[in-house]
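Form predicted on its own, single chain, as structure tokens, below.
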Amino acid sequence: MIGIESLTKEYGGKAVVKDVSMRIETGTITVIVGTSGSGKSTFLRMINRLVEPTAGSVEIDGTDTRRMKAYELRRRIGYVIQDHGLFPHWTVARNVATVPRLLGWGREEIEARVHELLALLQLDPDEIAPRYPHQLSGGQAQRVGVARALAARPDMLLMDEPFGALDPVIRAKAQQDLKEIQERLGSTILLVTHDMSEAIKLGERIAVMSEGRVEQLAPPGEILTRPASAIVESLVGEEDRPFRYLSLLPIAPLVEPGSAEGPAIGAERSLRDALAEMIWSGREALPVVDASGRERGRVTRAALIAAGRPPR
């Protein structure tokens, strides 16, 4: 667990992060969202002491990070930035191996770890490992950046706008890949973004920051249905709120007996997916199938609209 208490950073007597406290549970994704200048990136960099706090503390499993040597802290916390930060004159394999080499791992252990991570991130190790960063696509380079951050098996992964430079198609795939990797490895992730849609898609909890303070820290559903302030409400977006809320809810609980015409939709998909398909195809109901393709029943437009009303 990561414990953050009263974390503050001042420059020239002006606080850019103000008295932020939170607990980040092991194996979860917490997303920090806010506009430019809200203090979110400075807050993130204080976690691994790339920026030294003016006041407050950070603890990893009960140990104050101020008691740790810098190299020990950096080993325990991986760091991924928007432009991936790969060393341009090093191969992918050497980039991924950066921290294990500094820690004195053996050659065979390093090679095995590089191969394991590239394969995990759906990059062919034989094809990608010998390449240089300029020979990679944007999506490939971003995944290599994640592999490098994970190489030494850190306790936590910090990600600062990791998908901001990617085009929408690659970005959506990278977001899904990150969720799948996190579920497989049980990683603890703290991710910064300015995009509320990305925060809702990835975060188990979302911290909304403004002018250096946390306006609200809550699960996505609560952020959408009970925003704590006008600032949070403006970031959620009044027009998009119903669709974002629907994106959090799976179809499965709304499946009812009966049949419907046309292509089926998976029970694991979201209510937003189902509503979009109904609108596009002009249907009032969709057949629903489980993961094995077996028919489960149907979901209706009326049920979707009723479920999309926020709890009172």
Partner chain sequence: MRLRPDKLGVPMGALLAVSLALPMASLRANRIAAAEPQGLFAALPSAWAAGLLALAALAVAVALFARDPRLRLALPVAMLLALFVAIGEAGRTLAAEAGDYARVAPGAGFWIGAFALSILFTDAIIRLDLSPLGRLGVLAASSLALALILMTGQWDALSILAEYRGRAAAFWREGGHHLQLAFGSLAAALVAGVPLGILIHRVRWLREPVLNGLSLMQTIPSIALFGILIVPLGWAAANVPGAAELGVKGIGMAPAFVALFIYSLLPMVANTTAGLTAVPEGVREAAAGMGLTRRQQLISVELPLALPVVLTGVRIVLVQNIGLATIAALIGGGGFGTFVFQGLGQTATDLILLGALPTVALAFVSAVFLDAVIDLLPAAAR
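Positions refer to the first chain, counted from 1. The shown structure was predicted, so the numbers you read here are calculated from the model rather than taken from an experiment.
Note that the form predicted in complex with the partner chain isn't included here; everything after this is about it.
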Can you pick the stretch from 189-197, 111-119, 129-137, 238-246 whose heavy atoms fall within 4.5 Å of the partner chain in the predicted bound form? 129-137
Taking the partner chain as it sits in the predicted bound form, is residue 148 in contact with it (heavy atom to heavy atom, 4.5 Å or less)? yes
Does any heavy atom of residue 45 come within 4.5 Å of a heavy atom of the partner chain in the predicted bound form? yes
Any non-hydrogen atom of residue 231 within 4.5 angstroms of the partner chain in the predicted bound form: no
Evaluate residue 180 for contact with the partner chain in the predicted bound form, applying a 4.5 angstroms cut-off between non-hydrogen atoms, and reply yes or no. no
Within 4.5 Å of the partner chain in the predicted bound form, do we find a heavy atom from each of 50, 83 and 86? yes
Listed residue (213, 75, 171, 201) with a non-hydrogen atom within 4.5 angstroms of the partner chain in the predicted bound form: 75
Checking 141, 123, 99, 159 against the partner chain in the predicted bound form, the residue with a non-hydrogen atom inside 4.5 angstroms turns out to be 99
